[in-house]
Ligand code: FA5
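Have a look below at one chain only, the form predicted alone, in structure tokens format.
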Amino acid sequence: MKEEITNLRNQAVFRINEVGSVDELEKLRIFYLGRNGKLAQYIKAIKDAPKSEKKSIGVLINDTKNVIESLITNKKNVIKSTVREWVDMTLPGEQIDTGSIHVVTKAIDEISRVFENIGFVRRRYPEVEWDYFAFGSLNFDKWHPARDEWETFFVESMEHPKYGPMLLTPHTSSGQIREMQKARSRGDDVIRMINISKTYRRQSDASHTPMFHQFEGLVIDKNLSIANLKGTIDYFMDSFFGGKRKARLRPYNFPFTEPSFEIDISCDICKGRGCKLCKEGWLELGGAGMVHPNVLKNGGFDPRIYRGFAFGWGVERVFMMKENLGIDDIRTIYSTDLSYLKQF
């Protein structure tokens, strides 16, 4: 039997080297290695061989199988590398789906360019923040509702001995103190920053999402006034929305600015008549005001010498109010419907 197996291996080597196609190679594999192939027949016949030769016959069969498998694999690779697949060039090509930039990213890029044109420098600060930078340093009272767990996402069991509990930052205003401290460490006494980042709040409706983007503007210099703030806001409104839209500054109260305002824009959905999104014809974009003296002190600036103004607006809200977009629910901006997103 050993001689027969050796002759079978030599035969297989010759036939495999001579074969010219993958189909013929597959036929040889089945002939030698298949369930009912030649080697399978010899395996069944081992039981009839002398006891002293069974082990050596088994080793020879296994070696023969390995040799044939290796030859078939190598020969298949050689055939595939030399055979060119025929292609009908007249057939239409396959449509390949390509990705695109998300609408929020587009809005961020456009907002950044508007402020860069008037000297603002783009910054970015942590989305996971300490209570001190998000609230304490910004003049928030200890019992302010914004510090309640029903408003803010706190990180469980994480607390800094100096800066307090860890949280997901509810506004980009948390970057104000970090920017001021960084400026003072460099010896700078003028700041013109635009900070764009993700923010988190426990809200969800037609004009709110639990995660959204904000852009925070902060300017610090000597002799600033509300006129500088109003001029900056007017410039952005004209650049981003065009000259047809109306905007208003509405007196409000924020702990970190004094005086404070909310910035509203005439609703593009209902053209000022009132709808489910704006309620009364105006949609709030965000807050603004002159930086509170306590905040300036916490950032290392003397409020007797320096003044500042700041504004923080939602990127998604600003984007959905662009002319003729017709987005009446902020949550649809994060839709997974590609047919909807592709229109932007």
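Sequential numbering from 1, following the sequence displayed. Because the structure is predicted, anything quoted here is derived from the model rather than measured.
Beyond the structure shown, there is the form predicted together with the ligand, which is absent from this document and is the topic of what follows.
In short, of 170-178, 183-191, 219-227, 121-129 it is 170-178 that has heavy atoms within 4.5 Å of the ligand in the model of the complex. A heavy atom within 4.5 Å of the ligand in the model of the complex is found for one listed residue only; from Phe240, Phe256, Phe115, Phe133, this is Phe256.
Just one of Thr152, Asn139, Ser197, Thr209 comes within 4.5 Å of the ligand in the model of the complex, counting any heavy atom, and that one is Thr209.
In the model of the complex, Gly299 stays away from the ligand, with no heavy atom inside 4.5 Å. The closest heavy atom approach of Thr232 to the ligand in the model of the complex falls outside 4.5 Å. By the criterion of a heavy atom within 4.5 Å, Ala310 is counted among the residues contacting the ligand in the model of the complex. Using a 4.5 Å cutoff between non-hydrogen atoms, Asp268 does not count as a contact of the ligand in the model of the complex.
Of all the residues from 187-202, the single one having a non-hydrogen atom no more than 4.5 Å from the ligand in the model of the complex is Arg201.
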